[in-house]
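Given next, in structure tokens, is a single chain: the form predicted alone.
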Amino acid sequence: MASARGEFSSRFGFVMAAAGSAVGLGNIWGFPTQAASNGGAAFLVVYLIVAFTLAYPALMAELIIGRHAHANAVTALRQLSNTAPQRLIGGTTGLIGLVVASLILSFYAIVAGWMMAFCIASLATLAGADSLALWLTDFSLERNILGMVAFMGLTVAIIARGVQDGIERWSSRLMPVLLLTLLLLVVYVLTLDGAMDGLRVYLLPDFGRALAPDLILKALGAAFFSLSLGVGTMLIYGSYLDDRQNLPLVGGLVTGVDIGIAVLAGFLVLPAMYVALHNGVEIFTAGGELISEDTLIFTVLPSLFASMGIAGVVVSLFFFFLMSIAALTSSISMLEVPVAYTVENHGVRRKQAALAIGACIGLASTLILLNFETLFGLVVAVTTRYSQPLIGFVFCIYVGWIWHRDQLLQELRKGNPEVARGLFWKIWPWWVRVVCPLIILAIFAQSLL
């Protein structure tokens, strides 16, 4: 069944695809400013700890369910169920997950369109087309819709080509380019005046805040959302893994790549903010707090780049190119969730499913743009703050409480016959059974408050 529906051809291809799904705008855009606003290295240390105590176990739950079923989330959760009520809950959770993934992509495509527009604006400036560059960086309905449509077109084109020719091939190309671009930008920014001040903010811990409950919960939330958990993207990618793969190992590799890129992004964004401050660009609010993430990306950093002359235009080009790649590698996994369900459960051809669902999400994005002030923040809150933790909670419950322990061990032994003797099997089953659900509920409760 796995080969008929597509399968990753190599471990490298899977790790690049799954890490690409996890590495998105939140890693490069959100994580560094969260760290700077919450105790610098204190937040970083707590984040690293909870990423491996919550995010990695929850990631493993999705990968194991997917690889066992070789199916989408709706079918997979139904297969694990032992009773009719469990099948109803599992199927409903899977359907809600694909709706949430689609809604996330609807606002994600808007923001990604902005990133692409700023990237092309830098090219226009280099070519002397200043009026075009100004239009591309102006917040207008026409620019927003055009950017969103262009980004959705790229996403649909990749998904329409399938698992190996689409997802794996392009993730294997884009992720190394993303990493190289990020490294080049970090090296350059660290040579600029003011960068060391930002580096100190990022690396010197405020230990007085390290054990603050709000910091811990924020770090938990950042780690959970960083790995793209709770909507079935990792489950569907896990379903394309062959049975010979060592799941704890590949899950660890994905977690490591995701966290590594998030931490590396801190070496870019925080120094860049203080370079901007050194150049006279304000990065603090009237209350003395760091500015919000959207202001940072679309106001502060462009002002910094503008103050750097022609070098700033080139850096701007590379920076927004980096952001566009990060957005694209995440968006293809979001679109794959509803497309896989439509192909497998309703017999629709992949290309037709990708086009139809992509068009529907594009219409949803247009509706958000037409009612931006009302809908944008609402959709973000409903999907990322409320829906993702609850769906992730259900995944952990199914693995920890509904799936029989012997069958779970049998699935893990397919790629690692000695797994029962290792530390992973001694800790993970009860951890995902008890600790992960409690932590996820704590995150959800904190989001309500």
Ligand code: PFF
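Don't overthink the numbering: it's just position in the shown sequence, from 1. Because the structure is a prediction, the values reported are computed rather than measured.
There is another form of the same protein, the form predicted in complex with the named molecule; it is not shown, and what comes next is about it.
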With the partner omitted here, the residue among M334, A121, V269, L235 that in the predicted bound form has a heavy atom within 4.5 Å of the named molecule is M334
Residue within 4.5 Å of the named molecule in the predicted bound form by heavy atom, from V432, L25, V15, I439, is L25
Only one of 196-204, 103-111, 363-371, 173-181 has residues with a heavy atom within 4.5 Å of the named molecule in the predicted bound form, and that stretch is 103-111
| message | Please determine whether S330 contacts the named molecule in the predicted bound form, using a 4.5 Å cut-off between heavy atoms. | response | yes
When the contact criterion is heavy atoms within 4.5 Å, does N72 count as touching the named molecule in the predicted bound form? no
The named molecule contact at S239 in the predicted bound form, heavy atom, 4.5 Å:
no
- Query: Taking heavy atoms only, is T155 within 4.5 angstroms of the named molecule in the predicted bound form?
  - Reply: no
Applying a 4.5 angstroms cut-off on non-hydrogen atoms, the residues of 376-393 near the named molecule in the predicted bound form are Q388
